[in-house]
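What follows is a single chain, given as structure tokens, in the form predicted alone.
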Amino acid sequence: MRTLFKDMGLLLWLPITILLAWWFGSANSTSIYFPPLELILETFARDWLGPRFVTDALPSIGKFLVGFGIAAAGGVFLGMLIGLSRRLNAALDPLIQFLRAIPPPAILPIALLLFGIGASMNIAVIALGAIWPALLNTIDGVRALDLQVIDMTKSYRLSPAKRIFKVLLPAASPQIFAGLRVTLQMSIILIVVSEMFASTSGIGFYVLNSQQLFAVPETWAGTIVLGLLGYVATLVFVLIERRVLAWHRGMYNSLEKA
């Protein structure tokens, strides 16, 4: 119990300190651009703890999850195929390097032409723009595996499914999860960008519309929502990562003790 309180204290002391400093430092603020934190939180509660959560936040979260899911699954699947074939890797590497060099926001005009304004466009921008970290890390993770591991799967005559899901994918999973974490962050960025420039609802649209209307408290409140979305998504991802890679941490700790 004492360790739990200690960990919670280490986790929360800095955010609490920043909030208290912001609260008291802005209490008497008359600046248009830096309103009191009390006003920002009142605006946050009014807009995001009511109907707007259903009309704007939930659709954004849904599009983000679908886009991230497609990018993650597509990146890992294609990465496994390319990583296991030297010829396929050599053939596709120039195309991959060319496509990954395109800034993800530059996909917006093409996605607008293909999908128009709507949820499908937002999802497409995330899937196409955020797939690269998962794809490249999966390729590198598979290609970095010990050749003896690959030969062992062949000598035991494992089926392709068992070879991939029981041996190769778990062995490459530490590097795959490193790529997925970057894909997650890019997905959050792209849902905001796509909603700002081509949407009629959502958190990104709310923030941009508030800025254009010079509704400063609303702009700050929307930014807080985006921060909370990113924090919660990262927290959930880390918990899943720790559970999936528990074997890896256990093996690493055993080697350190030895």
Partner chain sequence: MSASAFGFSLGKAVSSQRRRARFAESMWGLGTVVFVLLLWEILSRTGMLPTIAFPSASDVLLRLVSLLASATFWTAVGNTLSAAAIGLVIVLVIGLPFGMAIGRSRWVERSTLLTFEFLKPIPPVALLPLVLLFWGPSLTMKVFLVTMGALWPFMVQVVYGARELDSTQLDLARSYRLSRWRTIRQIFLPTLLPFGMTGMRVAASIAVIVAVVAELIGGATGMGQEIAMAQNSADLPTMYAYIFATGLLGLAINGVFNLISKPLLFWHPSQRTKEH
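Residue numbers count along the first chain shown, from 1. Between two forms, the rigid core is the largest collection of C-alphas that superpose within 1.5 Å. Values in this document were obtained by computation on a predicted structure and should not be read as measured data.
Separately, the form predicted together with the partner chain exists; it is not shown, and the next lines address it.
Asker: I'd like to know if F64 sits close to the partner chain in the model of the complex, meaning any non-hydrogen atom pair within 4.5 angstroms.
Answerer: Contact with the partner chain, no.
Asker: Would P103 count as touching the partner chain in the model of the complex under a 4.5 Å heavy atom rule?
Answerer: Residue-level check for P103: yes, a contact with the partner chain.
Asker: May I ask you to state whether L78 is within 4.5 Å of the partner chain in the model of the complex, using heavy atom distances?
Answerer: Output for L78 is no: heavy atoms all beyond 4.5 Å of the partner chain.
Asker: Looking at the partner-bound form in the model of the complex, is M186 within 4.5 Å of the partner chain by any heavy atom?
Answerer: So M186 counts as contacting the partner chain.
Asker: Though the partner chain is not shown, can you say which of L84, L92, A178, A119 has a heavy atom within 4.5 Å of it in the model of the complex?
Answerer: Looking at the other structure, the residue within range turns out to be L92.
Asker: Which of these residues, G69, P59, P36, G230, gets a heavy atom within 4.5 Å of the partner chain in the model of the complex?
Answerer: Filtering the options by heavy-atom distance leaves G230.
Asker: Between 215-231 and the partner chain in the model of the complex, list the residues on our side with a heavy atom within 4.5 Å.
Answerer: Residues within 4.5 Å: V216, T219, W220, T223, L226, G227, L228, G230, Y231.
Asker: With a threshold of 2 Å on the C-alpha, tell me if I240 counts as moved between the shown form and the other one once the core is superposed.
Answerer: No: I240 shifts by under 2 Å between the shown form and the other one.
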